[in-house]
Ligand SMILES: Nc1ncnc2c1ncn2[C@@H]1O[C@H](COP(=O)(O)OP(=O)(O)O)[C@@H](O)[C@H]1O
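This document starts with one chain, in the form predicted on its own, laid out as structure tokens.
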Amino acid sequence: MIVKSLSVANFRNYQQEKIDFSENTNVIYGNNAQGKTNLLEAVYLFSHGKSHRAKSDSELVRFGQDFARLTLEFADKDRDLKAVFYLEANGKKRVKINNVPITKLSMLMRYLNVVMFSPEDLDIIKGAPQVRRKFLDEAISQLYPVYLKTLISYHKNLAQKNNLLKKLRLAGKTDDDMLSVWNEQIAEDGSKIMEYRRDFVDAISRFASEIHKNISGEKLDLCYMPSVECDEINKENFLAKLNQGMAREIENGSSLYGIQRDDLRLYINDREAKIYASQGQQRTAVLSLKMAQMEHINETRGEYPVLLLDDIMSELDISRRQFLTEKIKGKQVIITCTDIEDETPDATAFFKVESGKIIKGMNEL
């Protein structure tokens, strides 16, 4: 999978710029707060339909402007594609791929696969469970759009159930026929989501363990921790757990069981990384996780995703930097950094960014 070019207008701090990418390693460099990460964010937007860091789409529109327009030309192993993303300051957005309107996020995510790695990804190890669930959900949705549709359906039904639970608690009731209806729908979607999560964790564990051992010589294990524990994942077992906990949920006034409480645990040498790992070990674990995701996408789709590396080389020691350099050879990579001397030696394209302006070339070297 290759990103050929990106054009932006009124996006973040960019007025109007275009960048033509190399099929190999691209280095975007410059001082802090110049707009380097904004370019990675723009590419990511076409893969996930939303920013990896903004709370709302309106934040992406250049200050004082009514809209932003982004165009991405890219190709997978079968065809060339052109996508246009139109964002309004009021938060509305429109997307077209090859002039065909994309009306659902699940439709968009089937086209462009990316894996992003940034310093903030350390939160996958040390952050709250929702950070790890977000990692799982975004990674699986890229490969299986039906997963995203099921996830959206699940959370809509969960919201309805929580509203009912609050009303039952306030009314002092202990049961309601409608609660069983919501549990039925939640169990149907939830059991499917649990299967996807379990299978995904099992799949990337093979890659992550090997990669982590090659980097550090240490043992890395991934463990999917479903909130609803059952001997076999299916709708019937999920529903039985929900029904068993119905009285407690009414008393609490909110849902206590379900995939919204799942977690992913990482163990280094059989010790939980979140509690016992050093910062260096945590960085290595996240690097292994992202590289494993990359390999799993290639195994599933038959081509590697585009790698977006946001200012991470400076976070890695020399041995880990060298390892990463070897792993990304032969793949399209877009890297941001402040000092190009620290970057991968096989880079084929360099772009300097100054105050939202892109300058092509290495004439300063």
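When you see a residue number, it is the position in the sequence shown, counting from 1. All of these numbers come straight from a predicted model, not from anything done at the bench.
Just so it is clear, the following notes concern the form predicted in complex with this ligand, a form of the same protein that is not shown.
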property	result
This ligand contact at Glu326 in the predicted complex, heavy atom, 4.5 Å	no
Residue contact check: Glu59 to this ligand in the predicted complex, 4.5 Å heavy atom	yes
Non-hydrogen atom contact Asn31 with this ligand in the predicted complex at 4.5 angstroms	yes
Partner proximity in the predicted complex: Pro305 to this ligand, non-hydrogen atom cutoff 4.5 Å	no
This ligand in the predicted complex: contacted by all of Asn13, Gly35 and Arg53, heavy atom 4.5 Å	yes
Interface segment, criterion being heavy atoms within 4.5 Å of this ligand in the predicted complex, picked from 294-302, 61-69, 42-50, 313-321	61-69
